[in-house]
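In structure tokens, one chain follows: the form predicted alone.
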Amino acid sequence: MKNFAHYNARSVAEATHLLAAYEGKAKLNAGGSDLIGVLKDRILPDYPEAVINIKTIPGLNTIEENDGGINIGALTKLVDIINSPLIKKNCPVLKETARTVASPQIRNVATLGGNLCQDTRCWYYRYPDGIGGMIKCFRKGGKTCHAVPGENQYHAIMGAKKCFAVCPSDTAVALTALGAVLTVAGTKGTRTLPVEEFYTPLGNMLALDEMITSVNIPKPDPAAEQAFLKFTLRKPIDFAIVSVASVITLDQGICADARIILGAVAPTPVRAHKAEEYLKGKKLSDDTAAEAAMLATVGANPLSKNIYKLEIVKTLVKRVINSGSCLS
């Protein structure tokens, strides 16, 4: 690792002003489960001049119920989300999602904000500088995405243009299904942003001086059935090849509302709008689930080695529609 300045921020204001002072050449550190590896492998085009420890900021690791729903501090560890009775009762889809992230050791240190903001896992982007030199992909200022003509079996099948790396955050998928909203702080104040609008094809919507401080989840309808399924080659450790989260509200067996979110298929979590609209007003059955699953893949444009993801999407969508109540 190279030398860098290190700060223990005592407040959100201090952290954001430090970010502004370094003009994009500083990184925040919470759990460190992503950042430390990034620094050791020197995968960034510009090594940070400073690391700002935000674990020292009080009050950002709480899970509280409020009039609008449930508020979760950005520094809340994934293990605390898993063990929270409030999350278990109201947001079982988030609990299940957090439970599938990495390993117990990582869940004990990884934070919700860190999971939402982690860097992409594309192997071209992550190629260590010490093994033959950095690969300058489009995300690093190059002119091409090396995955398109290369090894792309885990890359995007939807929504990608110049970079085909997928959003690696599992919690983003569940939080999008729950309609969650982020509170973001910067030197000019705070703003709110739906998780659904947080990601872009090349990263996220945070300005250079901003950080996530909390996540607010509107209280779900008690009648809503919630589910999360994640396909990986190995149950522990692995990032999703495809994941699906759903929140489906039934009224006497008829679908009154549906949110179905696809993960690991695009640079952002993807709402399956056509599948959602199709389900509304229909009684859930194997046939309606199968049709919704087909509609969830509309617009997909697979690369040479990842067309298999389409079948996984369809299978997981069918399963979450038919088994949402198992998490309640």
Partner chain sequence: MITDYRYIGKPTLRKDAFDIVTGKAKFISDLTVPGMLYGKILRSPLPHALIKSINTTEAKLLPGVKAVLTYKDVPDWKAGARPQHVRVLDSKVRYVGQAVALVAAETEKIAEEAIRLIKVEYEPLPAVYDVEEAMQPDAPLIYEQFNANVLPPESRAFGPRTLQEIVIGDVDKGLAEADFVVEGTCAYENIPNPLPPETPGVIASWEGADNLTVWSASQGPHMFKVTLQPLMGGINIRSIGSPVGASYGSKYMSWQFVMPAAALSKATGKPVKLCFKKSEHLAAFTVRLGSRIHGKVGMKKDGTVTFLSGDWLVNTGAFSECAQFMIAVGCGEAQLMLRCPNWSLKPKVICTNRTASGQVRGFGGQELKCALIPLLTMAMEKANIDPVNFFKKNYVKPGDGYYWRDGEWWVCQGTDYTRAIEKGAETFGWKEKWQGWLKPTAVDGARRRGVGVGVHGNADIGEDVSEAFVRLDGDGKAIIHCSLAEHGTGQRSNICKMVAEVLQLPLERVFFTPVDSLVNPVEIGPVGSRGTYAIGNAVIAAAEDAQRQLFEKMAPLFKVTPEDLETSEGMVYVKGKPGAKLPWSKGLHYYGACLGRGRFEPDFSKPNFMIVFSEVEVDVETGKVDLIRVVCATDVGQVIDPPSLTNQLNGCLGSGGIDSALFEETIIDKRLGRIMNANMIDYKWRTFAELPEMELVVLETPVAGHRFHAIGVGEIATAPGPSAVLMAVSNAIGVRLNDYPLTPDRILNALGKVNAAKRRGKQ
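The shown structure was predicted, so the numbers you read here are calculated from the model rather than taken from an experiment. Positions refer to the first chain, counted from 1.
Here the subject shifts to the form predicted in complex with the partner chain, a form of this protein not shown in this document.
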Phe228 near the partner chain in the model of the complex, any heavy atom under 4.5 Å? no
Would Asp257 count as touching the partner chain in the model of the complex under a 4.5 Å heavy atom rule? no
Do Arg121 and the partner chain come within 4.5 Å of each other in the model of the complex, heavy atoms counted? yes
So in the model of the complex, does any heavy atom of Gly69 sit within 4.5 Å of the partner chain? no
Contact assignment for the partner chain in the model of the complex, among Ile57, Ala266, Leu303, Leu295, heavy atom within 4.5 Å: Leu303
Report the residue, out of Gly189, Pro222, Gly133, Gly253, that has at least one non-hydrogen atom within 4.5 angstroms of the partner chain in the model of the complex. Gly133
Within 4.5 Å of the partner chain in the model of the complex, heavy atom basis, the matching stretch of 189-197, 173-181, 203-211, 122-130 is 122-130
Using a 4.5 Å heavy atom cutoff, which residues in 1-20 contact the partner chain in the model of the complex? It's fine if the answer is none. Met1, Lys2, Asn3
